[in-house]
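First, one chain by itself: the form predicted on its own, in structure tokens.
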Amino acid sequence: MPDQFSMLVYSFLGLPLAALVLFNLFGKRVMTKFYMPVGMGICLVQMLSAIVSLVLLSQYNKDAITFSQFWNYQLYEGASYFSPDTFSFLSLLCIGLVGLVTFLVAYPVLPDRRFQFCNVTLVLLLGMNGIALVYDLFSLYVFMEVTALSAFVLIALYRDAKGLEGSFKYLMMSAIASAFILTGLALIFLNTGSLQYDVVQAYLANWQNGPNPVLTQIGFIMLMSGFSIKAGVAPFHGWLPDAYQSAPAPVSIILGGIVTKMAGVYAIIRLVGEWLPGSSVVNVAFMFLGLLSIVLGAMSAIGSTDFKRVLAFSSISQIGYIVLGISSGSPLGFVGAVFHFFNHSVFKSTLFVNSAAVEMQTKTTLIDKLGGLHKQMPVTGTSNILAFLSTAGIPPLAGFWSKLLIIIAVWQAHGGVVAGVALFASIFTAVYFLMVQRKVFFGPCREEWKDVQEAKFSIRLASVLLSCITVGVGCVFPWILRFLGAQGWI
């Protein structure tokens, strides 16, 4: 690959950092009109850079692009560097897409908090981009903490009682997760002398014959426990519904759409899916965690009466499918999990955008107080149906294909019973989502909502953009699958 193409990846950290400096250098009065457009522009550039990088990796048959941002890593032995691969760039594409949608919704929803929101969101983007780019576990942890602290501030953006409660729970659980992760990293470092991905991967491939295998086991368990807490995997999910529900609407979008996955699921895919695909003990453990998340999330969602809380529990369930796909230990399960990672970013962001639209127009997200909004909000209602159906895995939408790959992989790895539970939970998802759709958008319109109008243009644009991706990717996925087969990935 030509060296100049590696310059593309500088935009992932350089642009948000430059914008942060400019915003705070010139001050709030001068930059007021530029916060949202600059944020949207950065996300658009990131999406374009990620797509071009994916094309270049394929064209030049490269596994990754290796570079450093501020130093020459080749001059120092053991120096940290960035080495994004295909999964990294797909994650960066998701971050840019969800970030763009978040800024589109925040523009009309947060007119009095744009300065604070944009600054903290850019730091959040920096943290998530760093997670996708780094090539050692300690740097991964550092960028996870940047992401967690930024999310904590955003949840409490308005400093109201609900926001502070949700952010406090998130901070406490994140602190516990950080303690687990740091302890796990220390124990692994004792045995490897390095935390770079290739060194740890080589060690874990034969850890039974290495020094202190018991300490390695303990370290790995603590590491996975910390990542599972940050990912919201059951039974470590207690903080997630409150954080999603109490956060301002745009913050819920980026939390549900990408933050939870980058702060936890990404690391699980790296460690379990890429480094330990042949470990039967690890795969069985994550099979149970995935099933528990799927079932518990679905059961909790059906009993919830708040639109955002239903979506929060649904996120737990869908994250369970990603973990279940990884637990299969097969290339098919890995591809299904990564593809569901992308799909979840799209359809969950769509649902939270629609929740924001409903909340902005009606000032409530309580399901029992809503009803008959489809005629007043046709774009939001139609987009919501498409996102619900994709979440439930209804063909030919994108969510169907990723769930199909996961269930096939699970059937091959764990048998028909496990696959059957996952399939039944998907049907159950369709049932409770259709119930929510009926209560919020269908049926007779309540008297208090007869004058409700469709959401602002930027919110509708976000819904339409995400819905087009859901439908478009679902329609072209057979060709994507053929390409993946030709590359030898499945």
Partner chain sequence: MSPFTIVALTAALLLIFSGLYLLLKTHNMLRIIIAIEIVMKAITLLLVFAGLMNGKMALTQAFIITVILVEVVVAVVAAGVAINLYRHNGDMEISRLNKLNG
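Positions refer to the first chain, counted from 1. Computed from a predicted model, the values in this text were never measured in an experiment.
There is another form of this protein, the form predicted together with the partner chain, and it is not shown here; the text below is about that form.
J.: Only one of 288-296, 331-339, 381-389, 139-147 has heavy atoms within 4.5 Å of the partner chain in the predicted bound form; I'd like to know which.
T.: Single hit among the candidates: 139-147.
J.: Using heavy atoms and a 4.5 Å limit, would one call K162 a contact residue for the partner chain in the predicted bound form?
T.: Yes, K162 is a contact residue.
J.: Report yes if any heavy atom of L195 sits within 4.5 Å of a heavy atom of the partner chain in the predicted bound form; otherwise report no.
T.: Because a heavy atom of L195 falls inside 4.5 Å of the partner chain in the predicted bound form, the answer is yes.
J.: Quick check on K169: any heavy atom within 4.5 Å of the partner chain in the predicted bound form?
T.: Flag for K169 set to yes.
J.: May I ask you to check whether Q318 falls inside a 4.5 Å heavy atom distance of the partner chain in the predicted bound form?
T.: Looking in the predicted bound form, residue contacts with the partner chain do not include Q318, since no heavy atom lies within 4.5 Å.
J.: Is it true that F152, I176 and L215 each have at least one non-hydrogen atom within 4.5 Å of the partner chain in the predicted bound form?
T.: Yes: each residue has a heavy atom within 4.5 Å of the partner.
J.: By the heavy atom within 4.5 Å rule, which residue out of T183, Q201, Q412, T364 makes contact with the partner chain in the predicted bound form?
T.: Contact with the partner chain in the predicted bound form is made by T183 alone.
J.: Counting any non-hydrogen atom inside 4.5 Å, which residue from H374, R270, R309, R114 sits next to the partner chain in the predicted bound form?
T.: The residue from H374, R270, R309, R114 that makes the contact is R309.
J.: If you look in the predicted bound form, which residues in 232-253 sit within 4.5 Å of the partner chain (heavy atoms)?
T.: The stretch 232-253, when checked against the partner chain in the predicted bound form, contributes D242, Q245, S246 at the 4.5 Å heavy-atom cut-off.
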